[in-house]
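Only one chain comes next, encoded as structure tokens, the form predicted on its own.
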Amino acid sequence: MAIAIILILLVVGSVIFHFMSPWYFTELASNWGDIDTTVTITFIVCGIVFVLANLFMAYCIIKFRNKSKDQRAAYEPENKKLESWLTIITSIGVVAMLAPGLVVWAKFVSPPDDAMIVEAVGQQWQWTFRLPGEDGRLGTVDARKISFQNPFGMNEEDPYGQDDILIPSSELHIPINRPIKFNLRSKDVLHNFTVPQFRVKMDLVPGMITWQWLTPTKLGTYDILCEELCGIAHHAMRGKVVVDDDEQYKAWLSEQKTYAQFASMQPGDAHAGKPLYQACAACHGLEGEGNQALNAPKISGQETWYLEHQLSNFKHGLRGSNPEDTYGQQMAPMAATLVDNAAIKNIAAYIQTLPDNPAPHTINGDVDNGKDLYETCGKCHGKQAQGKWAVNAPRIAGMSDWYLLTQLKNFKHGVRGNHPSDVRGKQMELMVVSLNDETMQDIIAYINSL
């Protein structure tokens, strides 16, 4: 009897929880309401089966429970009538669940001929995007050509690729009420491109071009998720898709650069960067060695791409805008004096010419424990903490250890990485959430040993 009561309570509790639960689909923002309908039908069919099966089981336990020692169960190995009804009812349930899905799938594999093409490129652990230019056609790419200078792997000899619009950030804008076909490409491992509000999702398979299509129907900013386990920072592989009206989209598109423009960009000029660096030297030192008293870290020996990225972040408010980031607020106006990207490139190029002497060690900790903890960090920053441009992880070996500790604390407490547009900073914020002051010092002590 106790089992029957538990089954009845389980059914009643499950039904109440389903209707009162605060967790359900995000608000629909695309043309794929049919997918919601299909899932709802599946819920209904499975729910009816769940309720009937469990209530029937409870009924049988109560009705046919053992009432006397002489009572024996009846052995009935076959019941054609019951089997016929079960086959018919089960078939109806299966058809009810599968048929709507097949109808939706038929629509999904038939994108409109006038659909706008967007390429989404996944890699550990970020998203980038490519749009066709005025010719309306994407140029060809080759994974063997991927490099720091050519992160998309563009074929420089393909004329169709010269006007392709490259979006190196994880934020994409698309116009409202226009069909979009996403071509999906992976640089490394399996990923999955998903925007919950759009309902459709598809895997990115290395060596293949997969795709999905949708029509955005609501203005707003939505999260892009990877829903295929792709490595240690899978949970932090986030992006943004912004649905704009036509005017907003055209304004955003006009600010983006083509492959030809990226390819023609001149490298930084160290000679031109030298006079610009004089303001930096007041804090960071004539040789970029850093000055802890002024909270200025060592910057000599750091990669140019990271220096450029952080200077740009300070200049545009992604760093140094948090009221709790006292020292970042000091750096922001200094970066604002760099008038354009050329000045940022020039100053980074000059810093590369400075002698790379290891910073003195100021942090003590348990090196053995730090080695174990660093296994996670090493997936991005490298086994020797040398940094990896492909995953936007800077070099940390030989740099100012007190600064590393300060930044880890800033990430943990939301002082750094909380700006909505700082996707890479947000990734670090998610990675350090489990660390405390002691484990941070252990990791840095190990980095000092490399």
Partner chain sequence: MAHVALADKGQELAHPKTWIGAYVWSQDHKVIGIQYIITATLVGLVALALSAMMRLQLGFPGVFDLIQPNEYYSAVTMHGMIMVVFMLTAFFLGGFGNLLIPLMCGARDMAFPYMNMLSFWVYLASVIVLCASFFVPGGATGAGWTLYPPQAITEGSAGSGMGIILMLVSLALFIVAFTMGGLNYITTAFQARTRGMTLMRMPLSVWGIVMATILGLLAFPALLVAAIMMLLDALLGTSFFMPAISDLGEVSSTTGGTPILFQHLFWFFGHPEVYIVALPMFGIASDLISTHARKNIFGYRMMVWAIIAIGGLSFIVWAHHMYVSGMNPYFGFFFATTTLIIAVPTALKVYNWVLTLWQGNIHLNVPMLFAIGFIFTFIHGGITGLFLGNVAVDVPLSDTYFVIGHFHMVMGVSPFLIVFGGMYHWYPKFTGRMLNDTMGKIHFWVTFLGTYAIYLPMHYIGILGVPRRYFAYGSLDSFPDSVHVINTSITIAALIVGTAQLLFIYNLVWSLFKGEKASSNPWRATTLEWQTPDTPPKHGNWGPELPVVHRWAYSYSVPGAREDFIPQTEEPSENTKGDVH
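If you superpose the two forms and keep the largest set of C-alpha atoms that fall within 1.5 Å, you have the rigid core. Every value quoted in this text rests on a predicted model; they were computed, and no experiment measured them. Numbering follows the first chain given and starts at 1.
Missing here is the form predicted in complex with its partner chain; even so, the following discussion is about that form.
I146 is the sole member of I165, I146, M116, A332 with a non-hydrogen atom within 4.5 Å of its partner chain in the predicted complex.
Among the residues C283, C230, A343, I176, the one placing a heavy atom within 4.5 Å of its partner chain in the predicted complex is C230. The chain is drawn here without its partner chain; in the predicted complex, the stretch among 292-300, 202-210, 242-250, 317-325 whose residues come within 4.5 Å of it by any heavy atom is 202-210. Proximity of Q278 to its partner chain in the predicted complex: non-hydrogen atoms within 4.5 Å are absent; the residue sits far from the partner. Contact check for H361: every heavy atom lies farther than 4.5 Å from its partner chain in the predicted complex. Within this chain, A263 is remote from the site of its partner chain in the predicted complex, having no heavy atom within 4.5 Å.
Within this chain, H309 is remote from the site of its partner chain in the predicted complex, having no heavy atom within 4.5 Å. Using a 4.5 Å cut-off on any heavy atom, the residues of 355-377 that reach its partner chain in the predicted complex are, in sequence order, D372, L373, E375, T376.
With a cut-off of 2 Å and the rigid core superposed, W389 has a Cα displacement that falls short of the cut-off between the shown form and the other one.
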